[in-house]
Structures are given as structure tokens and as C-alpha cells.
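Quick heads-up: it's one chain on its own, the form predicted alone, in C-alpha cells.
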């Protein structure tokens, strides 16, 4: 593989299909694989250089990895697994108290259990905790959610976010999931066939991938103040009210809405079956392989719809135009 990049930030994504070189890159950074040639620097420290003859061992790079499969020690308890890296970290390098992390990851009830008696989501939380307690200066997460079903995946994501916010450890998050890139990263390196083909933002990646993705552009909406309303759930979204079928009566909830689930009208329709009709102004338009993304401002909230070019021409959509967007209550997918 050939990668030449200099990237900075707290939440870096590495994106690409299977076989694109994501894991190879991560293993080179961690020291588990030795590149044929080149240089790797972290915080201005040279970790590897063929020219200078430098190759710092993995245990001395202070880089932790959370793998796709938890890879816990089967003969050790949850508590012993958690403290494995902590005990091997020099006292002056320890940055976190185990009790704080255990509380954050809600692992207290599991400490005495064997790891073979844990669910997939519980194992991944223990794996994450073990990595953090090694006090790394960089955390590598190599497809940490891909082995989990959707239910467990979206249970783990809040923990990943909480750990990042609480302990301020920069991370590189590796995934082939566009949604995970949008949720977990702020800068993205895109790999293809072992080469770096693009450095972008999650927003730029979502727009560029809209036409090729099975779900189009994914709108991520944080909805609050749920109210039961005749079998549906009424939520607040900024100054808007949305009706959702897959809701819950607790706190704020993150929903996914595909750009392809939004129907646009140039004029207010007389009657529609969709439970949500939103009025917005066109902020922006962008192209993605023959598809047109329409970025709407709906009372200050952003919503991206997707239509074909011929539909954009027929509707004569222009910047600043008023557009009505219809969305079925069943089109919203609850995440976290």
C-alpha cells in the first residue's frame, strides 16, 4: 500500500471498502506490521523510518488498539482484563483512575464475571476499557462495531463518544460504514486499493457517496421532548414538530433519515398521507453522480433531500426557493 498523509485532529476516520488497506495502515501505525519503506510520526516523534533506521516497538509507542473482535484473555475475569494494561503502565504515565472508567462504561456489575459469560456488546465495552486504562496517547479502533448487530452497535456508540469526551484521547476510527464516519469522526482519510484517494470531512464524504450509497445521504436528527400521540411519537426538532413511528418516551433520541425518503413539492400540497410536511428554503445544491442533493433550511435546521436531475429541472429549484418536504412517520430510523 502507498499512503502519504499528514493529518491532525482528535477524531480521525479511516474509510474504505473491505480490502482497501484500512487495517494494514492501522497495524503499521501501531507497530504490529513493519512497512517496506517510509516514515511514521506521532506528535512529532518518529516511530518508524527506513532512512533513519528507527522502528520503535509496539509496546513503547503508547498506542492502544480496539479490534473488531474483543480479543479478551479468556482465563481472566473482567476486572483482571481491564487492569492488564493499567498494571503494565508506569505509574507516572497513568492518566486515568480505573474507578472513573468503570463507572463511565457501566462495568461495575460485570467485574467478577468471566469474559466468556458476556454478551458481544459487554465484551466490546471491556475491550475499550482495557485499551483506555493503558493510558495511550492515541487510540486505534479497527472496525470495533462491525461484528455487532445494529442493536448492540448503537448501544456501544454512546460509550465510545463518552470516553472520547471524558478522557480526551485522540483516536483513529476505522470503518467501511458511512454512518459510523458521520457519528464518530471529524476528518476522514479515504482509502482504495491500498492508496489514499481523498482527505475530507464526514459531511463531504456523505455528499460524495450519496448516489452510490444504498441509503443515499443520511440526515442525523437529534429529536427531543417525545409525546405519545395516538400510536405515533411527537418530537421537537429545533422549532419544528415531527411525528415518528419508531420512537420512545425518554429524553433525546438520535434518528437517521435517508435523503431518498423525502418527497419535495414546489407548492403546498392539498392533501398527503405522509404525517410530516415541512416548509424550507433552499440553502445549497450539490451533485453526486447524476443525483442532486437539495439542502434545505427548515426553521434553522438542515435537511438534505435527494432527487434526480430531471426532477430538479422540472421543479425549477433555485437557491433561496421555498420548498415543501414530505416525510412519512415510518421513514425515521431510531439510533441512539
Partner chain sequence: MPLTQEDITAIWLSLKIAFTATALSLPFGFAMACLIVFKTFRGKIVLEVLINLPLTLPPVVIGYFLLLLLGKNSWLGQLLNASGFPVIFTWKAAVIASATVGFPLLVRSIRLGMEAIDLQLIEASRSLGASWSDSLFTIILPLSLRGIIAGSSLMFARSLGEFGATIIVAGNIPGVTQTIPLAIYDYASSPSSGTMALSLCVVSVVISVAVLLLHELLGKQFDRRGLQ
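Residue numbers count along the first chain shown, from 1. Keep in mind that this is a model prediction, so the values were computed, not measured.
Omitted here: the form predicted together with the partner chain. The next part is about that form.
This chain lacks the partner; the member of 304, 65, 29, 307 within 4.5 angstroms of the partner chain in the model of the complex by a non-hydrogen atom is 65. This chain is drawn without the partner chain; in the model of the complex, the residue among 107, 141, 190, 72 with a heavy atom within 4.5 Å of it is 72. When contacts are judged by a 4.5 Å heavy atom cut-off, residue 88 counts as touching the partner chain in the model of the complex. Looking at residue 284, you'd find every heavy atom of it more than 4.5 angstroms from the partner chain in the model of the complex.
Contact between residue 59 and the partner chain in the model of the complex is found at the 4.5 Å heavy atom cutoff.
In the model of the complex, the partner chain sits beyond 4.5 Å of every heavy atom of residue 123. Every residue of the trio 116, 130 and 134 has some heavy atom no more than 4.5 Å from the partner chain in the model of the complex.
With the partner chain left out of view, the stretch that reaches within 4.5 Å of it through heavy atoms in the model of the complex is, among 35-43, 267-275, 296-304, 50-58, 50-58.
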